[in-house]
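Shown here is one chain on its own, the form predicted on its own, set out as structure tokens.
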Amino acid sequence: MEPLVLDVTDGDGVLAAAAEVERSYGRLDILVNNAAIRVEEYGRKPSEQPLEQWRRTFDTNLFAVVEVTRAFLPLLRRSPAGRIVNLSSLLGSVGTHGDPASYAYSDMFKSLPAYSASKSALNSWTVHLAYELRDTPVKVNAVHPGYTRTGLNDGEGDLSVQDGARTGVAMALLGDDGPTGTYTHRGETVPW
């Protein structure tokens, strides 16, 4: 295995990366869609977030995931056990956002409407793609890694990157009898 640098918002680069993987390996066993941005400012009301931030967020967090997945899907179909793992967020859970007992039901997280909506849309993409691939060996799942300390949230969070990766790794290594079309965190179902 060797690293391959990829800008997920560059369509030509995405196609070149898929072609490189095909040339080098002939197939792809696991695709983890982990690229995401958060450009909104904490503390702003949802209606105050500029439309340009919405567009930038969706370009990376949703449209790039769709483009990358579509480019690599032929290679995943060649795998005897292809896996697609979409890194979502608890902020993508509409049910969680509507629950007054949830940490997402707060001024801080309500100031991230574009990020949250992009992850909700990613969850929808996950379900639709899992349905399309339901009669194939390819499994498609969304995961919430947990509130992980990364640059995306200014280093805040309860989990290290290693701990945050556990759910995604588990879903990437699913056996043939594993689920598809799910949204999980550490083995527990997350409300859509």
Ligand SMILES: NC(=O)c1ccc[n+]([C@@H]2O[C@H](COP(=O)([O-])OP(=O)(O)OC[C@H]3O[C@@H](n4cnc5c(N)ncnc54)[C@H](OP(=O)(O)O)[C@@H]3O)[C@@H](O)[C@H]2O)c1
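One rule holds for the numbers: they count along the sequence shown, beginning at 1. These numbers were taken from a predicted model, which means no experiment stands behind them.
Unshown form predicted in complex with this ligand; subsequent notes refer to it.
Visitor: Residue 34 near this ligand in the predicted complex, any heavy atom under 4.5 Å?
Guide: Because a heavy atom of residue 34 falls inside 4.5 Å of this ligand in the predicted complex, the answer is yes.
Visitor: If we define contact as a non-hydrogen atom of the residue within 4.5 angstroms of the partner, is residue 150 a contact of this ligand in the predicted complex?
Guide: Residue 150 belongs to the contact set for this ligand.
Visitor: Does any heavy atom of residue 115 come within 4.5 Å of a heavy atom of this ligand in the predicted complex?
Guide: Result yes; residue 115 sits at the interface with this ligand in the predicted complex.
Visitor: Can you tell me if residue 182 lies within 4.5 angstroms of this ligand in the predicted complex, counting non-hydrogen atoms only?
Guide: Answer no; every heavy atom of residue 182 is more than 4.5 Å from this ligand in the predicted complex.
Visitor: Sort through 23-31, 47-55, 123-131, 139-147 and report the only stretch with a non-hydrogen atom within 4.5 Å of this ligand in the predicted complex.
Guide: Of the options given, it is 139-147.
Visitor: Just give me the residues of 53-91, first to last, that have a heavy atom within 4.5 Å of this ligand in the predicted complex.
Guide: Sequence-ordered list: 60, 87, 88, 89.
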